[in-house]
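Below, in structure tokens: the form predicted alone, a single chain.
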Amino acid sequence: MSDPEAWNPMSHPKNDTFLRALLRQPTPYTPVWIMRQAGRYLPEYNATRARAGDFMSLCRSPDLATEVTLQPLARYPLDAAILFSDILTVPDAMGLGLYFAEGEGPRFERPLRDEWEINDLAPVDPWGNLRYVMDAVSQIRKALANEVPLIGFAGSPFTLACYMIEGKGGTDFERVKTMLYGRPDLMHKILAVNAASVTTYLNAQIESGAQAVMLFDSWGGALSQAAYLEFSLAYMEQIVSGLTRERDGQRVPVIVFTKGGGQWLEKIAAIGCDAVGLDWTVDIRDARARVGKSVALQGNLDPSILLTTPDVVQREVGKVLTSFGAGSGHVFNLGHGISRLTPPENVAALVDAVHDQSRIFH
């Protein structure tokens, strides 16, 4: 990256292809970034994480968060950086006691089990317990020196609630759904607090220098349509309507991604976001036919393809690009986060293939 002293918060990124694609403006090629691009598939990330001691120490150190955010950009000509953090920083700041068990993923020491705990929940102040995130955002933005845009992010209210109630991820959501159907008042209380927290959290990230933001609704696809609309999408719409959409004279685009949400694309596109993220189960040509006039689309290569060979990666990238077709409004990405087992050279093949093969469509 170039000299941080040259950074000016008012100036536009030298490479603004990602921002232009989100706003469906013409671009010379399709931009690409990768969900979880700073992660365990990179040996340099693993070295920094080992130095930090544990995952949350890495998140809570602006210096180390900046270091790992920049690592994939030093390796690959990606079109955007994404803040290195975790969606669970918000419930952690509420006092639920986040920790990471080796090989088991995130856990909460004090999941929400009792009614009084839920009634005592209050929105978090992003400038208080989450100040370390804002410090990281401003530090990363300065280190990027306006080379590429910086993406901020948060978990959706429903996805956060799943972790807060179950105490961990990857469950069958029995506790969550029992509360959702049996005591919807309690679920709405949690979701309202989460939505208020996420709105101020994302706005603080924008104020600190994030140039686009993304909502990750990792578990919304576990719901029935009626429950999704009431308990997930309604709260994401509330957040989108409360976000700062312009900063330093530039539009701040918003991406909304529900994993497993392909059947609700039109409804997601209608909440006021600029782009809809697609998982790999959706055909991007169909998605564009359904919603492409109103929003940009982000996605949607199956992350498992990156476990193969560079030749296979290049071939499959071509299929996604061809499926989307000509014109702007596509940000290339995976259909979910990159696997830690991915060979780094396959990511190089992916980024080069997107840049090389997409030019004929623009």
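Don't overthink the numbering: it's just position in the shown sequence, from 1. Because the structure is a prediction, the values reported are computed rather than measured.
The discussion below concerns the form predicted in complex with a small molecule, not included here.
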Looking at 77-85, 115-123, 204-212, 225-233, which one sits within 4.5 Å of the small molecule in the predicted bound form if you count heavy atoms only?
77-85
Does each of Gln37, Phe55 and Tyr163 have at least one heavy atom within 4.5 Å of the small molecule in the predicted bound form?
yes
Is the gap between Arg49 and the small molecule in the predicted bound form 4.5 Å or less for some heavy atom pair?
yes
With a 4.5 Å heavy atom cut-off, would you call Gly260 a contact of the small molecule in the predicted bound form?
no
Against the small molecule in the predicted bound form, would Gly292 count as a contact residue? Criterion: heavy atoms within 4.5 Å.
no
Is Ser218 close enough to the small molecule in the predicted bound form to count, meaning some heavy atom within 4.5 Å?
yes
In the predicted bound form, which of the listed residues (Gly105, Pro111, Gly272, Gly95) lies with a heavy atom within 4.5 Å of the small molecule?
Gly105
